[in-house]
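Quick heads-up: it's one chain on its own, the form predicted alone, in structure tokens.
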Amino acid sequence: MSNRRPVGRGVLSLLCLAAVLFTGCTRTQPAAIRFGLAYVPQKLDPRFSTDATSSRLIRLLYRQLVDFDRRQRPVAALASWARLSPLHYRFRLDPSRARFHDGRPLTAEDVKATYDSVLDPKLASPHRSSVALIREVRVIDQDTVDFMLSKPDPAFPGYLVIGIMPKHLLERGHDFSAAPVGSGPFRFHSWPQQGLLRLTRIKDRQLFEFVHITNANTRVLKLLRGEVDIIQNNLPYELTRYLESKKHVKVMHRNGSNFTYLSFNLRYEPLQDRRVRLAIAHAIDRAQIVRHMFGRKTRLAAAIFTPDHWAGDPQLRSYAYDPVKARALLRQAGYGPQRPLRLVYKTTNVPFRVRIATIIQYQLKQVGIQVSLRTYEWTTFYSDIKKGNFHLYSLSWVAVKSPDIFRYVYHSASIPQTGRQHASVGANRNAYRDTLVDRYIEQAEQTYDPAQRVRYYRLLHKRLLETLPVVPLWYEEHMAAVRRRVRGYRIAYDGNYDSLAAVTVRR
């Protein structure tokens, strides 16, 4: 039986109401290609950016030493490399590399200055922990830079994904978040307000505008009316189906690697009981949520890496929907009608995410878990997550490619030390501790045998699924809706915006 459904009157009514509310909106510059964003970019400084929207825009503005292929293996980008010893890597910059946007040449000195800055504990870069094994960065000549490590790690080249920044501006304390200067295919134009960012494509001076539009209905309306040219992701499936019926809009889908999960705070006593976490896993009907909220290319997840990632496990399967088993596990843990489990679930205030969270809240209620749903704008929400101020939250790991994510998120040494300045060493925000997981992470980091490393990562996936610091939910598909006047846009596997470098416009 097909899961496709006609667009109901409710959807059309919502769109009509939004049209009335927004008919007074002023059109933006007609010469620009306009991209509608569900989330506002936070910071355009590669040393500090952690949100997906900023990270995707940073790829347009800066170039990084290393990138990744289809199976998420590291490949040369701005530089190729050779391992001279387990503690010594040499990187040679691409001789045809572009200059910085201010006209200065990009040299090995800029590479050193960028990574020295990230490694400076006073700067408190959230990316410092991922490159903390760098003991020293040495400039050999203007095209060559050496990285000396404090310990061997065969995955090291894949950690060098910070956009390279100009040394002379780093030394002056330039505000890269507000006025980025890189060497990527796009140059910063202006940021007149938080919800409107302008970039210029260097090769032809084409102007691009990135417009923040939180509401999905409004985003669709602006696309249909020509006020934006491209929107990507964060649309309910019925709106995607509605757009597919419009001749002047092209809708694209592809499977993705972004891992969505429900996280537990293991400092909270009820959630320290694995039976409670397992009950929650069995209470969520992930297949139903995917069927009604996402497109056909969204896949159920069992681990942080997709099955086709080189470190993934194609045999791993997550927990099936089983509300009877969920109720039984809760009873075993001491919860029931006379003593219900009460939890607070936090998410962003983006309507699409609120809707998914509301479905999960309802499904947990069906097994006797009383969930209070709290929604916040991104900055407040993310601040609470970093402080450990939650019981449950849902988020996605976006564009995760390198297995150093295991140490960053799951190793016991990566639990942030709240209340101490510059003490955060990782993103193990749910305070997860498991001796076996720590051991597997360390063993994988120390072996250069590819088959043995894959074995350790698969053991890690299996152990994490057994102990459940998070409930794996799904790998969201990517969808994009593009007005027919724009040609050449392609959806990347990780959802990046790189293909904007090649799009053209039919005038």
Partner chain sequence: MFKSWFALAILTSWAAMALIGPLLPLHPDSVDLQKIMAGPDAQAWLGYDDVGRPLLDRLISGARISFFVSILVVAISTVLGSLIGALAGYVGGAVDFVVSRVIDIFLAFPGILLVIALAGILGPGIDNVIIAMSSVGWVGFARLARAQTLSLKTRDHVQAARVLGTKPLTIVLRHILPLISAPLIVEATFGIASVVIAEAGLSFLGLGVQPPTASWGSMIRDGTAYMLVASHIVIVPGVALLLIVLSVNLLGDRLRDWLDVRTRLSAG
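Numbering follows the first chain given and starts at 1. Just so it is clear, the model here is predicted, and its values are computed rather than measured.
Unshown form predicted together with the partner chain; subsequent notes refer to it.
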Within 4.5 Å of the partner chain in the model of the complex, heavy atom basis, the matching stretch of 296-304, 263-271, 325-333, 230-238 is 230-238
257, 217, 414, 117 - the one with a heavy atom within 4.5 Å of the partner chain in the model of the complex:
217
Which listed residue (374, 253, 168, 138) meets the criterion of a heavy atom within 4.5 Å of the partner chain in the model of the complex?
374
Taking the partner chain as it sits in the model of the complex, is residue 206 in contact with it (heavy atom to heavy atom, 4.5 Å or less)?
no
Considering only heavy atoms, tell me if residue 341 and the partner chain come within 4.5 Å of each other in the model of the complex.
no
Under a 4.5 Å heavy atom criterion, is residue 150 part of the interface with the partner chain in the model of the complex?
no
Considering non-hydrogen atoms and a 4.5 Å limit, does the partner chain approach residue 390 in the model of the complex?
no
Can you name the residues of 263-291 that have a heavy atom within 4.5 Å of the partner chain in the model of the complex?
288, 289
